[in-house]
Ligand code: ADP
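Single chain ahead, by itself, as structure tokens, in the form predicted on its own.
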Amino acid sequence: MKERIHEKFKALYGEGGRFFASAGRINLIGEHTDYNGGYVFPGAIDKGLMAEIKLNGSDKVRAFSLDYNEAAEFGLREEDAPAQAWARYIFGVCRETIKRGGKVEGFDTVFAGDVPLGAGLSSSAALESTFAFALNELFSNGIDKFELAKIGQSTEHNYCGVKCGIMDQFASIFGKKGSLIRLNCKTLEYKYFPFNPEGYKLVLVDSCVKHELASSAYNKRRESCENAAAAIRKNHPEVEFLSDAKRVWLEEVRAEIPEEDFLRAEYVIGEVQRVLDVCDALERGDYETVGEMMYQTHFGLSRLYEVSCEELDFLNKLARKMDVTGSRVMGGGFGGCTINLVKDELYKPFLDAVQKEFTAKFGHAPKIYDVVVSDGARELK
């Protein structure tokens, strides 16, 4: 990928520049907990985005996307926003850096990525984080890593129309090889935990389906969680988010809230505890417990939170049947991937069975992605 980028860069702009990269991400456990003030447990992966960048002495950015085979040129003022969706990410990072007092001047760039699109691995966060990190280095702005993650998040909010949480950009900026990051979404406190599953592989199985309910259903679940938290707060004023509540406090208000709200809240309170249990298990090197927690999360997402779908439940049941250590839907749900913790000796039989049985049932093959927990945003020397 680096050679392809460099060849195009030389053809378009002459002499080469500096290389920067950042990563897509997985989330091992901790789903739908972010907007409830709970924990998430992401890590950067060995698939991401790479860019060659050089200052051009003007007030214009000239960018070329190898993946779209398309060029864009834009200025750095608010009214200069480019038409292309991919270029708005770079423009947004420039604008958000400037808003924070950072210096940004014209530059040339060619970039490409190998994050599978639509698989829930956050290719957009990889793009934002690459450029946020690069501009900070190129102009010696001295912006701290937290703020770099927020630059990516604000880009999504203000220039791309997506009201996302902080997890994707956080993982992409803070990612560290061989470690997952427990992030408290309320306080933004974080801690690294070792993740070196010798004898296991981390495999994503992409169902290649996306069901349409996603955005309206997401909002509805968010509402349910807020309703449950408000009911609990009447008895326990210290409950700011659902993640602050205890299971027994939810039971106290069961008669006062719709059953649907109760089930959603039951899942979230359980999931917050599962993240903590997985962290404890990793410190002991106990991957069997990690796997069991993943299965429990899938059950909760499917039966209590109801964001799974037939294809994902099928993949999860097949993993259980084949003694895969852990498996669950990853991401918002209604399609996308399962994340699977698979013993080396089961790896080939599991993937063979997935390809054969899923294709026979649903009429199309799933896609398979092996992932390794890797470093986040960095300069490539």
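Residue positions are given as counts along the sequence shown, with the first one as 1. Small disclaimer: the values here were computed from a predicted structure and weren't measured.
This next part talks about the form predicted together with adenosine-5'-diphosphate (ADP), which is not shown.
- You can rule out all but one of 263 to 271, 145 to 153, 104 to 112, 219 to 227: in the predicted bound form, only 104 to 112 has residues with a heavy atom within 4.5 Å of adenosine-5'-diphosphate (ADP).
- adenosine-5'-diphosphate (ADP) in the predicted bound form comes within 4.5 Å of a heavy atom belonging to L127.
- Taking non-hydrogen atoms only, Y295 never approaches adenosine-5'-diphosphate (ADP) to within 4.5 angstroms in the predicted bound form.
- Contact annotation for P116: at least one heavy atom lies within 4.5 Å of adenosine-5'-diphosphate (ADP) in the predicted bound form.
- Using a 4.5 angstroms limit between non-hydrogen atoms, W86 touches adenosine-5'-diphosphate (ADP) in the predicted bound form.
- Contact with adenosine-5'-diphosphate (ADP) in the predicted bound form, defined as a heavy atom within 4.5 Å, is made by none of L301, D313 and N340.
- The partner is absent here; in the predicted bound form, the one residue of T97, S243, S123, S207 having a heavy atom within 4.5 Å of adenosine-5'-diphosphate (ADP) is S123.
- Just one of D67, D46, D323, D352 comes within 4.5 Å of adenosine-5'-diphosphate (ADP) in the predicted bound form, counting any heavy atom, and that one is D67.
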